[in-house]
Each structure stands twice: as structure tokens, then as C-alpha cells.
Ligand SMILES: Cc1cc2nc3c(=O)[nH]c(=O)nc-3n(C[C@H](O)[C@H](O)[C@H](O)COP(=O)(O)OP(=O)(O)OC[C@H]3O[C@@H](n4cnc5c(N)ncnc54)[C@H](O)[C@@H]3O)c2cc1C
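One chain comes next, on its own, written out as C-alpha cells in the form predicted on its own.
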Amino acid sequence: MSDGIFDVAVIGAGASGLMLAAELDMGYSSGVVLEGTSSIGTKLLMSGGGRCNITHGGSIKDFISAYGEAGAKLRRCLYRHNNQELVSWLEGVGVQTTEEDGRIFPTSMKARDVIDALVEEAASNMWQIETDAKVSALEKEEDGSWSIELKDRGWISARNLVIASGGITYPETGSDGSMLEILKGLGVGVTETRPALAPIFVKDYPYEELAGISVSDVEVTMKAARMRGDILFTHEGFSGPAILNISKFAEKGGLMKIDYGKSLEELPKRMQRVMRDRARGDSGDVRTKLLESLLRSDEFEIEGVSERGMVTSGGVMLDEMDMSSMRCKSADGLYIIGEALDADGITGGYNLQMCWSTARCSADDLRERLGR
């Protein structure tokens, strides 16, 4: 690694970090991407079951509601670098895309193809990518530069610093939350983090034997939210789009209600048997009113959510950010992009689109800052 000062250092070689490097031509400047693990893009490789749900189709205007309260603040960034532009850009670097039920995938259905394209573009843009470069401390120097301590590797310096380190889920991929703690120490506002898009576990779960069975168009309700979509039974709890999308609102001890929206006969046959068994009285007869109640308002006490959610809810407060440039307002030369931000969306490619859009907005600002 260079002993001099880098013009830009990016912490994290995931979706947002690699996109920034793929988009920003360093020319006569110097840039380095620091990845704390031994492999780059590990979480991106896992996305979409390895197929990589790159983004969603349709109008970018329809994306805003997918991020809840954060959507209004993300609007400017998403509009500037939208889903259609992303698809065109990817196809320009050799990644053809396919749409399935509104979700956009690489035609090859291989996340590796997306990573390879990003890495190839980053290399052509003269970026250096370093693995096993875990950042353990950051310091802002008097001259405005950033000193970056790498575990067991000493210090390097950069004039501009981009945090693309992800959140707290799947720590083995590098998203272990440590960078958010470092940012807190620098005075950057960070909200409480928790797994999102995660399976939900409940007390006295009755559907173990139905693992792998799904039910379509179900309404799931909690005190703070309501979601409609498919649910999936697992050996341990509930999953599927409706469950994943509402999981960020799940509180231990809280109640979750499910309206299956169907008659008993419209449910999968194995589920029909379980529902009848649950509605039997002491005499062994099926109690009609209880069965109807289970179908319309099946109530469970929440025990928790899986720590291995697909994304993180919480992170750097959006009020801390200039959302058109992704610059942190409280620290000059500091950019924060992707999952490290306090913004997350429902399933369907929306979370990756946020990574791509915030990365490309930061690249725009850095390009101007570097005089590229």
C-alpha cells in the first residue's frame, strides 16, 4: 500500500463501496478501497439467494414509499441516479439484466457477474483494493486529512474518506457495526441499530411441521405497522416477504396478528389439518368460532427476530447528511453511503438501489472536489 496520502479512501468493498470506485475515475489522483475481511463483495454475493436482486423495475417515484419515513429524504439522491440509469450503466459494462415480477436480476442470475464488472471498472479507474484491511480507528488531522488505523498494519492517510462499511448483520461479511461505533466517537449521530428483513420467532410456534409451505396474500399486523404479502413457514418461525418487511417493527413481548384472508379449504392441505387441531376443544370437536378466529386473527407473542437479517435498520442519521452529495455535515471530507445510513427498504431490490444511488451521488461530489 502507498506510503503517501490518498486522495480518497473508501472503507468497505461491498455494493456501495465498489460502485463508487467503479463510477469515479481517479485519473492522476489516488484512491484505495479498504476491506476488513479477506474477500470483497461477500454480502452482495449472498443477495437474492446468490442471484443478486439488483433493483426494482418501474418508475423511481414508486420507490419512495418503500423506505418508509426515510424515503422523502432519499428522494433527491434516488431521482438523480435512478433504477433505469443503473440498468443502462450495468449493461454498458457487460451485465445484461432480466425482470421477474418487477425485480431486476442479472440475466445470468449470478451475483458474481455484478461484482466482477464493478471490480473491473474500479481497476480501470485506477483504484487500489486492499483486503484484510480492518479499520480500527479514525482521526481528523489539523490539515483536514484523515488518519486511518488498520489493525496490525499501522496508519494511512486520506484527504477524503468514504464510509461504506454496512450495518450490523452478517458480521462475517464485514458488516459488524464497528464503524458505526467509531463514527459515534467522532460525534456523528447514529440511531439504534437492529436487524431488518429478518424472520420472526414467536412463543408457542405451532407450524414446525409446515416448514417450506407458503401462503399468499396474507395480512400481518403489529401495533406500529401492517404489511400484506406472502408468508413462509420455517422450522423455527415465520418468514416470507410480508414477515421480512414488517420485522423491523417487531418488539419482544409484542403481539403479531395474521389474517390469512382465506377459507380453511383455500389453505394448503397440511395447514388445514394443523388449523383444525388448533381449534379442537377438550372433547376433540373442532370449535367453529375458534377456527374462524384463527383464520382471521391468528395472534402470537413475539420472542424476537433473527440476528441474520438481510439489512440493518438504523445507522447514521440522515439529518447529519447532505443527501445530494452524501457529505457528512459535521466533518469536512467525510462521506457516508449505503447500509451505514439510517435508511432501509422492503424486499425487492430497494436496498441495493439505495446503495447504488448514494454511491453514485458521492462520486459526483468527489469528482468535482478532485477537479476530475
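Note that residue numbering follows the sequence shown and begins at 1. A quick note: this is a predicted structure, and the numbers were derived from the prediction, not measured.
The discussion below concerns the form predicted in complex with the named molecule, not included here.
The stretch that touches the named molecule in the predicted bound form, counting heavy atoms within 4.5 Å, is 34-42, out of 58-66, 317-325, 34-42, 299-307. Mapping the unseen interface onto this chain, residue 247 falls outside it, with no heavy atom inside 4.5 Å of the named molecule in the predicted bound form.
Interface membership of residue 195, defined by any non-hydrogen atom within 4.5 Å of the named molecule in the predicted bound form, is ruled out. Contact check for residue 311: a heavy atom falls within 4.5 Å of the named molecule in the predicted bound form. Heavy atoms of residue 16 reach within 4.5 Å of the named molecule in the predicted bound form, making it an interface residue. Looking at 170-194, the residues that come within 4.5 Å of the named molecule in the predicted bound form, counting any heavy atom, are 170, 173, 174, 175, 176, 178, 179.
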